[in-house]
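Here's a solo chain for you in structure tokens, the form predicted on its own.
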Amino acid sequence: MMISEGIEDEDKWLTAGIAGLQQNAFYMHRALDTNNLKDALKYSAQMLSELRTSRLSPHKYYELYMRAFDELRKLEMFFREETKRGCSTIELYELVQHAGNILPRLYLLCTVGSVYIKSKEAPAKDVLKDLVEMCRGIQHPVRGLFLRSYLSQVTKDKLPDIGSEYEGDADTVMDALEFVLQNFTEMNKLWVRMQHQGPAREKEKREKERNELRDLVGKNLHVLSQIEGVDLEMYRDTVLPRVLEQVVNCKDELAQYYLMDCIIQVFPDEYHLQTLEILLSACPQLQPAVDIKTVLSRLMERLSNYAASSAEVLPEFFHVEAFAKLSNAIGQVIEAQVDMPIVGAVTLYSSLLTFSLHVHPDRLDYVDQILGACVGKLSGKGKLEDSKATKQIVTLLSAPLEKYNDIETALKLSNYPRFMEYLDDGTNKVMANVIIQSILKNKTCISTADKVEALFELIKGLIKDLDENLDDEFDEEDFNEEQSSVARLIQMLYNVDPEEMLKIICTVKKHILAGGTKRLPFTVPPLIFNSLKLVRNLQGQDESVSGDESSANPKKIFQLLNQTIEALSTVPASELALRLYLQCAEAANDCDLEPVAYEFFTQAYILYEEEISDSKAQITAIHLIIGTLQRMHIFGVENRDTLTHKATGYSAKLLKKPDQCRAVYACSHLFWVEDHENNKDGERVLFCLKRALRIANAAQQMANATRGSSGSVMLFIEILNKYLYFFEKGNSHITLDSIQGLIELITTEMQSETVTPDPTADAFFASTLRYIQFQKDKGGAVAEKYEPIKFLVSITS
């Protein structure tokens, strides 16, 4: 309630002040219009008296000041016109000093002083010195700051700078410099003094008000940076030492932070580089509460950008030993500020690392030195709980990856892995993901077992459970995405040397089998396929002539694969394991290793019998088994008969009749393998197809018994297509009579009233008949072969 009342009172005072100002401005304008200098000065002084108030906050005072400023610009124009009409500027300068109150008098003096300098009736340095000294008459912080801000504003284009019209024998750049520095010093003193005005309970409010006024002080530094005559030598010998002296001596944390930031932002990068030692020497002298990490970070950011702007400037960095100076300064600041939070230290080292990567990209020792210093700061702290600090560490560790686009470079840094023990599990995962994404993005190939070992130590946050109590926080979608990234990473591990590649595979196997059962379905398949790639590279190779047991050979790799797939039984992931066994069996077939291939098939069959109970999974599995077995050429008669007999037996035992039928007619391909004459048994093909027909017929009878309709004829049409396939391939046991009989059966069934209408089946049958007709139309031997087949229905196109 008291705050709102204070604001209302302030608004009333501001309104009253504006009203008084406008009223006197009105009379001043009337005097100006009639060229009445005496009244113009009288009313302008009364108008400016409104700025003597102490009741307004800086924000409200600024509003009043800007209105007065606009009126003073008009008054200045009037003074210029007066001098043109013959009025002496010196007389004007003396006349305004008769104003009754000091504040209006000084505003008028600054206004006339601007005209005085422009008239060149006196040396600019004398007028400037006079004005800056007289402004000391106002020691109230707010009023003094705005007065000196006005002085700076009206004189900034009238300084005796190089190339300026105000430069002369008596006026030099040093005079301009002295004026701005003196004004800056006095303004900074007023600004710092504000904190001591008023009761202690309002300190927070005063600090907020001071913060609002900081730009008034900072504008002086901007003016300094715009003086053309301030070269590097003058900046190093005069400007920077004088400004830093004021910064250090004021002992005010707000002023020190803001002014250091101003110095960094307004002066040129090359000046900072050449005066780095002077600038950095001030840092340890600042108040402990100053946010020095941000100041130094911004300095290093500017220097990094400067280094990145052109390769031509890099020798300057080497010449001044910028890295050593920055590194020493950061060490001194961290040592001096014993209470600096971890995030502050990490931020400083992160900025230094960015600087080093820009300026010295070839100096890995510098990178490792920075990482080592940062790890030293973390030692003894345990797992970091500050999220800001861990975020900065991720930024720090990501910088080398982004610069070099090569994880192998990061693996050379001895201090890089040491950070992982200080990161919580969540951040470990984030960092691991950053590393993996870097590898995938840059398609980096990790080519030695030692590097893989080091890499997997870095990304252990994703390949093993660091905390056993994560079930409550488990997010399946995130987990799946993370493990998919790990799977893609495993595919990036490769070496052309079989021996080294086998070592890589063994290293990966060791890590992923220790990673917990949840991860195995994601990480085992890429390892298996990477191993099979190696097997195919070794295809046809006999066991090592040297007999060295460590030598990479297909048999040894297959043993390793068998052990790896067995681990999936703990998940369980029987369907995935079955697929992988079949893949390995096919690879063993290509290597002419019959016992190995038979063993993989045996394992697949055991899984099918003991683990896969879901009917849909059984259908998929049996078709995978049939498809793989059909491509196998290595098996002898006995082994092949055993495996095909099992496959047909599984097919006939599926739960649903249609599934049985399709699996059984698929088994017909096991007895007729193209390009393998010893695997062509037409009689057994016919047996499978007849058995499929019986099952299809039984399916129709069951449908008729349960639903009152005989169901679709789709199965018969599918079997007809199988008959046509083997007939075309030259199987003598598939006769025209059997094909003709099937066509007649399907035609009759489709015309029966008990058959359920099925547009898909109709279209399929019509397409099949069109194919037969197409073969007839070919002419020659093919046409003769198909000619006896008759259609009982017309073929629609």
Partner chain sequence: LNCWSESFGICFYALQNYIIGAFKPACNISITFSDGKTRKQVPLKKENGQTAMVPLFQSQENIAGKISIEPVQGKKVEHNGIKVELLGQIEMYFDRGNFYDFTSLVRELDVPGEIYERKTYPFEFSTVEMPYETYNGVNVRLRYVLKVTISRGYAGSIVEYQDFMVRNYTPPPSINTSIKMEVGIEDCLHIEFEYNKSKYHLKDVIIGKIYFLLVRIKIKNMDLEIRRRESTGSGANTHVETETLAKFELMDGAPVRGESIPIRLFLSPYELTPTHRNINNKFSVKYYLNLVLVDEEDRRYFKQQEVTIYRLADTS
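Numbering follows the first chain given and starts at 1. Only a predicted model underlies this, so the values are computations on that prediction, with no experimental measurement involved.
One more form of this protein, predicted together with the partner chain, exists but is not displayed; see below.
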item: Heavy atom contact within 4.5 Å of the partner chain in the predicted bound form, the stretch among 662 to 670, 261 to 269, 279 to 287, 94 to 102; value: 94 to 102
item: The partner chain contact at R30 in the predicted bound form, heavy atom, 4.5 Å; value: no
item: Heavy atom of Q139 within 4.5 Å of the partner chain in the predicted bound form; value: yes
item: is_contact(E575, the partner chain) in the predicted bound form, heavy atom dist at most 4.5 Å; value: no
item: M134 within 4.5 Å of the partner chain in the predicted bound form, heavy atoms; value: yes
item: Contact residue in the predicted bound form, from R691, R193, K125, K219 (heavy atom within 4.5 Å of the partner chain); value: R193
item: The single option of R52, K729, R55, R770 touching the partner chain in the predicted bound form, heavy atom within 4.5 Å; value: R52
